[in-house]
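So this first bit is one chain, no partners, the form predicted on its own, shown in structure tokens.
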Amino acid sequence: MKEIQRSKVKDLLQMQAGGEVVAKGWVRTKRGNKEIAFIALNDGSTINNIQIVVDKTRTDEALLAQVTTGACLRVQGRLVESVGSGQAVEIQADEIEVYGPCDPMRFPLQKKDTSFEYLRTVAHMRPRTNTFGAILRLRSQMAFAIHSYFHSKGFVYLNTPLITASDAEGAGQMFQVTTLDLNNVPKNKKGQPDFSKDFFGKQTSLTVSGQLEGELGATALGEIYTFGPTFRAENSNTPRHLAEFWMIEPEMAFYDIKDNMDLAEDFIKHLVRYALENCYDDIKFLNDRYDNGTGGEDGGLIERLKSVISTDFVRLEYTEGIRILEEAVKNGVQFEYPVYWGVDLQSEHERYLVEKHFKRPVILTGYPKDIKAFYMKQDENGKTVRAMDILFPKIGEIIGGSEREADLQKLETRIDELKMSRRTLEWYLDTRRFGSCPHSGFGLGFERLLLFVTGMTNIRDVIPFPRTPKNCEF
């Protein structure tokens, strides 16, 4: 007899009734009565389960006792029209094989609702929940959409290094990489660690950004993008920070700040549109379960996603943004952090502009030079730079970018002002010495994007294995 090939649950639910099928997956729930058992089976291909109907009078009792929540099964049977609501078809089981039993007393995922805080303690098991299955499928689809977007526009995908000797942000919050014996660190004449004895012969760290190397690519290939992990040794135990996260960083030759803003707005609208068109079942589940607002299917998460696609983003000068916030304070709005020209805006300020004042995404430009990175192009006034941050509802900043400083002398002066190491940046300065050109770029935090698309409120819940202060499990 020819063996029946397994069909994914996603495909089974789209099939017409009739014929023998094989499904494999994990038990979500089991219920029933003395004669019949109903098993909800899921294999991760969709948020939806396939219902397995088991005739207890024809099934070994000991075998059925092993079918508990979490157990892994192979089921063969006939695909029939479902008499119950919620699904068009179900499987009438003829054969059940238990691939892997699951002790219901020890299984950390119970049928009752569990908190996100608890699930973070069992992050190795949480992908089996409906919520995290939906989040991880969305994460995968968004990664594909990012690559397909840039590919369609002729960008070159550039792999930038994870280990670097330069600090792109100038903040110094980097994880050091070393092979030196920490119990017997060699010292130089000044009594400092002698990095000449280290693997690379110099002090190296995990990258905080692929931007600087991306600029090398842009000034040779025209338009490039990077997409990879980045690392920040920032001791911030907040719902918006991770020590390891993923960044998408395009860099484009001959783009000014306006071109940069146009691309960033089009890019993020494309990603949101792709999510709604290709991941609707998962988004609707998250919308209905966690973020339904007050308007049913069109409320909450889905409404926010649709609104991003259908509206033009506000383009707002930083100075005008400060004026709006100061006016809000005069009118009784209370912020935890002060508002004044020159301040680095906090999430509460950004969200006020987006959610309360304009009620749509905002691109904030013209930031003070002193609160922005050294590589941003300075305006003629000497006080501001051609930076741009895209601010989103519920998130705050989701994209940060700028036109890059193409003038060698201005760039060198800024590096000296910030007391950064010229020695480790000579290779970067060469792009300004040899055929400098106007160019721009931005960075999109992948997890920040996923917070918006999924409606989650904690960034640790949109990455499979979060890395945070005092937490590096798995």
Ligand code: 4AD
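Since the model is a prediction, treat every value here as computed from it, not as a measurement. Residue numbers run from 1 along the displayed sequence.
Below: the form predicted together with the ligand, not depicted.
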item	value
Complete contact of T46, L286 and G300 with the ligand in the predicted bound form (any heavy atom, 4.5 Å)	no
Heavy atom contact within 4.5 Å of the ligand in the predicted bound form, the stretch among 126-134, 176-184, 322-330, 397-405	397-405
The ligand: the contacting residue among F195, F245, F116, F150 in the predicted bound form [heavy atom, 4.5 Å]	F245
In the predicted bound form, the residue from H241, R304, R120, R273 that sits within 4.5 Å of the ligand by heavy atoms	H241
Exercise: R232 in contact with the ligand in the predicted bound form, heavy atom 4.5 Å	yes
Contact flag, H439 vs the ligand in the predicted bound form, heavy atom cut 4.5 Å	no
Exercise: R432 in contact with the ligand in the predicted bound form, heavy atom 4.5 Å	no
Residue contact check: E249 to the ligand in the predicted bound form, 4.5 Å heavy atom	yes
Partner contacts in the predicted bound form for 353-380 (non-hydrogen atom within 4.5 angstroms of the ligand)	Y375
